[in-house]
Ligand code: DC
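This document opens with one chain alone, in structure tokens, the form predicted on its own.
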Amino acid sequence: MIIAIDGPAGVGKSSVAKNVAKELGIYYLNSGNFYRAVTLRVLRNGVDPADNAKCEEQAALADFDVVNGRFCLDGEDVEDKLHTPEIDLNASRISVNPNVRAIVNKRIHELTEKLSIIAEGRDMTTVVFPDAEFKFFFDAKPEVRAKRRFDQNPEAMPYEQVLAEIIERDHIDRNKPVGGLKISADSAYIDTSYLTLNEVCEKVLKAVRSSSKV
């Protein structure tokens, strides 16, 4: 079973996906971990993240797996090593490479042959899993998303700057030549602006459980 969720930053995709995965006893697949793992491999091997050809080579050589619910790279549990400032800085650059994206998507499909998963991102329903049994698009007003981010760390930057960055990121995400943010025709649209986390989870769970596919 594959549940795919797309949507812009700050709409609650990750939190909902984690909760639904726990409730259904399936694996929460964070597509970003694959690109972060490629970035980790690139950095470990002294490759310049700006060298597209060598980054593609590292992606092709990488071995991804899930063992006991933990994300592994080349046989090593790297779940807790994928969120460093250096990886944050370089993963976005590497992930826009179309050839790297093609390699990662192929590896993701290989993993889903043995796992039931819920995946979230920007192109899960349109590119990675166009045939997913369940597809959702989460959305929320930019002002609401900015307030959520601001409340998480009010000392980091002014609300106005958070809002401006979210609007800019939305523009970039929607206009990417590969893997851009789009609403697939068969996705269930959920506006999370004024819903609690539990309310969004219930909407997803109700849709999944009411289907004869489960």
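This structure is a prediction, so every number in the text was calculated from the model and none was measured. All residue numbers refer to positions in the sequence shown, first residue = 1. We call the rigid core whatever largest set of C-alpha positions still superposes within 1.5 Å between the two forms.
This next part talks about the form predicted in complex with the named molecule, which is not shown.
**Q** Suppose contact means a heavy atom within 4.5 Å; in the model of the complex, does that hold for all of G12, P142 and R145 with the named molecule?
**A** Heavy-atom distance to the named molecule in the model of the complex: none of the three under 4.5 Å.
**Q** In the model of the complex, which of 184-192, 169-177, 64-72, 45-53 comes within 4.5 Å of the named molecule (heavy atoms)?
**A** Of the options, only 169-177 has residues within 4.5 Å of the partner.
**Q** Do I103 and the named molecule share at least one heavy atom pair within 4.5 Å in the model of the complex?
**A** Although the named molecule is absent here, I103 would stay clear of it in the model of the complex, with no heavy atoms inside 4.5 Å.
**Q** Is R122 close enough to the named molecule in the model of the complex to count, meaning some heavy atom within 4.5 Å?
**A** Heavy-atom contact with the named molecule at 4.5 Å: present for R122.
**Q** In the model of the complex, does Q58 have a heavy atom within 4.5 Å of the named molecule?
**A** Close contact is absent here: in the model of the complex, Q58 is far from the named molecule, nothing within 4.5 Å, heavy atoms only.
**Q** Find out whether any non-hydrogen atom of A132 is located within 4.5 angstroms of the named molecule in the model of the complex, and reply yes or no.
**A** A132: no, not in contact with the named molecule in the model of the complex.
**Q** Once the core is aligned, does I87 move its Cα by at least 2 Å between this form and the one not shown?
**A** True for I87: a C-alpha shift of 2 Å or more.
**Q** Any chance the CA of N33 moves 2 angstroms or more between this form and the one not shown, core superposed?
**A** After core superposition, the displacement of the N33 C-alpha between this form and the one not shown reaches the 2 Å mark, so yes.
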